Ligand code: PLP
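A single chain comes next, written as C-alpha cells; it is the form predicted on its own.
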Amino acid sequence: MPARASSADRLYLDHAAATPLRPEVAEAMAQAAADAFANPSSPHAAGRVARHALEASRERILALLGGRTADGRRDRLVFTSGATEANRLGILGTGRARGDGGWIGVSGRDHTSIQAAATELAHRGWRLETVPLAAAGTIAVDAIRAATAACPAARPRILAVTTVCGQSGIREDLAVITECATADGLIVHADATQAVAWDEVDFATTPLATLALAPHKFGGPRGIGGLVVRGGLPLLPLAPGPQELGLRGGTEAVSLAVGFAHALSLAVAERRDTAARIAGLRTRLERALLTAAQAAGVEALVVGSDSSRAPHVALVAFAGVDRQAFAMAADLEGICLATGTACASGSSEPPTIVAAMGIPPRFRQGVVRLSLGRSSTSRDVDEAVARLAALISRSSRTSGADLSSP
C-alpha cells in the first residue's frame, strides 16, 4: 500500500463538513478570551464585561440574519452547542410547547439531527411524514398539502426544511414554502447551516418560525451554533437551565460567540464575490471529473446539475464504483472528500437524497461529495482532478475493492 500523502500535499475538498478557522476570527476570539474571561452571569464588573461581549455578539448575529431587534415582538437568538442542538431545539422545543399530537414533516434531504428530532415527536404521538422530493431535489409541495390535509385543522403542523442541502448543495424554493406555509398554517423550521455563507438570509421576510446555523461552515469556531426564534413563538427547553432565557443551562462561551459574530460578518461582507468565484471553480471541477470518467469508460453524472444549487458542493456519482473504497484511495492520494454528510460518514448507505431523487441504482453506490470553500483555489481543483483521474481510471479496471495500487 502506498504511503499516505504528506500534509503539505493535502488537498481539502470537504468544506461542507467544516471550514478552516479564519485567522481574523481566531484573533478576535483570543482578544475576547483575554478581555471577557469572566462568567457573563456574574454581577460584578468583570462579569458585566463578559455579558456585554456576549449580548453584542448576539445582536450582531441576529441583525446580520435579518432578525427583528427593536420592536416589542423582537426575535431571539439562542446560542447552542452547534447546529444539531439548534435543529433539535427548533423542532422538539416547538412541538413540545404544543402538546402531544400533531403533524411533523421532514424529507430525504434533511440532516440526521432533524430526522432524529422528528422521530422523537412521533414517539410523543405526532404523525411523522417523510415528504417525497421532486425530481429537482426540492420538497414536493403537492405532497405536503396532501399530507397536511389529513391532519385535523386544530392540530399543530410543523415542517422542517433544509434551505441548502448538505448532501447535494440543492437549494430549497422558499417562495414555494412561503405560499404553502401561509395556505396550510405550517410552523416552519429551517436548517440554514449550509446556506449562510452563500445566500442572503432575511429572517424577518420569511415564513420561518425557527432557523438553525453554525459558524464552522463559514470560517468560524466549532462548539457553538444558534437558533433564531420568531418573536412570541412558544418554545420549551430541551434541558432547562438559567442561561439563554431559561432555554439552556451552562455558562455561555463568550469567546465562541464573539468568533461566531465575527465570522458571520466577514462571510456576509464577502458573500457575493466569494460565491461567484467558487461557482466557477465548482463548474471547472465537475466538468473535469466528467471528462476524466468518460476517458476511463466510466459512466458519471452530477447530482442536481439542473437544479438551483449553492456554489460550493459537487455531488458526483460514478457507476460501478465503490464510494467508500474511492474515498479511502483519495485520502491516500492526499485528497479530503466525503461520501455524504460528515455525520453519516462510514454509513453503508448512499446519501439519502440520491434515492429520494430517483437517481438510477447503478450510480448510487458510487456517490462522492467534493465541497469547496473560501480558501479553495484553482490550483487545488486542477491538482485534485489530476489525482482523481488516475483513481477513476483504476476503478474502471477493478471491482472497486482496492483502488490503492496502480
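Bear in mind that the values here come from a model prediction, so they are computed numbers and not experimental data. Numbering starts at 1 and follows the sequence shown.
Missing here is the form predicted together with the named molecule; even so, the following discussion is about that form.
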Please pick, from Arg157, His216, Arg76, Arg282, the one residue with any non-hydrogen atom lying within 4.5 angstroms of the named molecule in the predicted complex.
His216
Exactly one of Thr84, Thr148, Ser255, Thr94 has a non-hydrogen atom within 4.5 Å of the named molecule in the predicted complex; which residue is it?
Thr84
Which single stretch, out of 188-196, 173-181, 125-133, 140-148, brings residue heavy atoms within 4.5 Å of the named molecule in the predicted complex?
188-196
How about His111: is it within 4.5 Å of the named molecule in the predicted complex, going by heavy atoms?
yes
If you apply a 4.5 angstroms heavy atom cut-off, which residues in 14-31 are near the named molecule in the predicted complex?
Ala16
